[in-house]
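Presented below, as structure tokens, is a lone chain in the form predicted on its own.
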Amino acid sequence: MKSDRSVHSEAGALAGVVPSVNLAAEPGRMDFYERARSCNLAPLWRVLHGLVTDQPAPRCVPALWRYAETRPYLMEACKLISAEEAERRVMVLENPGLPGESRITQSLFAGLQIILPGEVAPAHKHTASALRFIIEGHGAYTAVAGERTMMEPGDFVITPSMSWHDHGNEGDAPMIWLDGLDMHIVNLLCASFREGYPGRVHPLQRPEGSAAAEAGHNLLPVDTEYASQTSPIFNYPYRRTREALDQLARIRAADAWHAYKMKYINPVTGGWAMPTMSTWMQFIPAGFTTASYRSTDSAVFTVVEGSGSSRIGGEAFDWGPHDIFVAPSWVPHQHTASSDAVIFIYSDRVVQEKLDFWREHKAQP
């Protein structure tokens, strides 16, 4: 009699089997399969349809994290561990379909980081690129590659791959932001490196505002070359982003699927601001409902302003300021704003575009 494990294993293998395979003949092939396994060989026809699916089959699921429910855990964590001891005091947003994997989607990480007044998150660097989207607080900074920038709610801040960075809070209240990293893409390729800096902070080497002065005004120094694929601007202030959305809404009609949606770009190349994560800001006017849309990139949404609801794969989610939600790959979603809403979004679209397999589908409105 077969054990439960062997029955489930066999059923799992047959789930992806090529339809033309004669299942009645499979028991007579088991000896062959066992002998082949001893040479680290396996029959593709038993797993092919599980490997090459008819359409995307994400393991992550639609989900929403309410800020009012998550923030108390951040505050409690501050009583249990210091920013220095933790290195990064972060509560990971785990997708319910991927428990214990530190993933918000199959390819991306998300976590909420908190730093109290007077604390410093010590300097380190790693292969994974990171974005910071500021949610709450004033008076905190991040220092990237020897330049410091102060952070305000709604700012989008970049930490490029293998750049020394540390964070500190010089204000009088907690500072909270969303961390988004491409570490799962890096780890898939087994390309991860990390170093801790000998001191708490990396020395400052450039005046604050240097990056913006060099590349933030549709101009570039004529004698400077930028080898990195990451934008030289590492802080995109919310005040400028909000102004850009307002101006766009005044000169053109809302797109049926996106309302008003603008991508953050690298001013050197005109492409995405980061080489592994696409980033946008979306404005949905009060009363507007976007048409159903789906794409192969799984996306993470963070509400900056306003309130509304989203239908993701047939499931409804109500959201408000600072709430975070996910639309998995190829799952239809649409949004309705009950008040003027601004939403920050990041996904792995840029990677898929570079590999020529990104796809989208726009349902007729």
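The first residue of the sequence shown is number 1, and the count goes up from there. These figures come from a predicted structure and were not determined experimentally.
If you look for the form predicted together with 2,5-dihydroxybenzoic acid (GTQ), you will not find it shown, but the lines that follow are about it.
J.: With 2,5-dihydroxybenzoic acid (GTQ) left out of view, which of Phe109, Phe234, Phe283, Phe133 would have a heavy atom within 4.5 Å of it in the predicted bound form?
T.: None of the others qualify; the residue that does is Phe109.
J.: 2,5-dihydroxybenzoic acid (GTQ) isn't shown here, but in the predicted bound form which of Arg206, Arg200, His138, Arg88 has a heavy atom within 4.5 Å of it?
T.: Among Arg206, Arg200, His138, Arg88, a heavy atom within 4.5 Å of 2,5-dihydroxybenzoic acid (GTQ) in the predicted bound form occurs only for Arg88.
J.: With the partner removed from view, which of 287-295, 262-270, 77-85, 119-127 is the stretch that lies within 4.5 Å of 2,5-dihydroxybenzoic acid (GTQ) in the predicted bound form, judged by heavy atom distances?
T.: Going by heavy atoms within 4.5 Å, the stretch is 119-127.
J.: Should Gln113 be counted as a contact of 2,5-dihydroxybenzoic acid (GTQ) in the predicted bound form, where contact means heavy atoms within 4.5 Å?
T.: The answer is yes: Gln113 has a heavy atom within 4.5 Å of 2,5-dihydroxybenzoic acid (GTQ).
J.: In the predicted bound form, does Leu245 come within 4.5 Å of 2,5-dihydroxybenzoic acid (GTQ), counting heavy atoms only?
T.: No, no contact at 4.5 Å.
J.: Would you please decide whether Glu147 lies within 4.5 angstroms of 2,5-dihydroxybenzoic acid (GTQ) in the predicted bound form, comparing each non-hydrogen atom pair?
T.: Flag for Glu147 set to no.
J.: Going by a heavy atom distance of 4.5 Å, is Asp179 a contact of 2,5-dihydroxybenzoic acid (GTQ) in the predicted bound form?
T.: Answer yes; at least one heavy atom of Asp179 falls within 4.5 Å of 2,5-dihydroxybenzoic acid (GTQ) in the predicted bound form.
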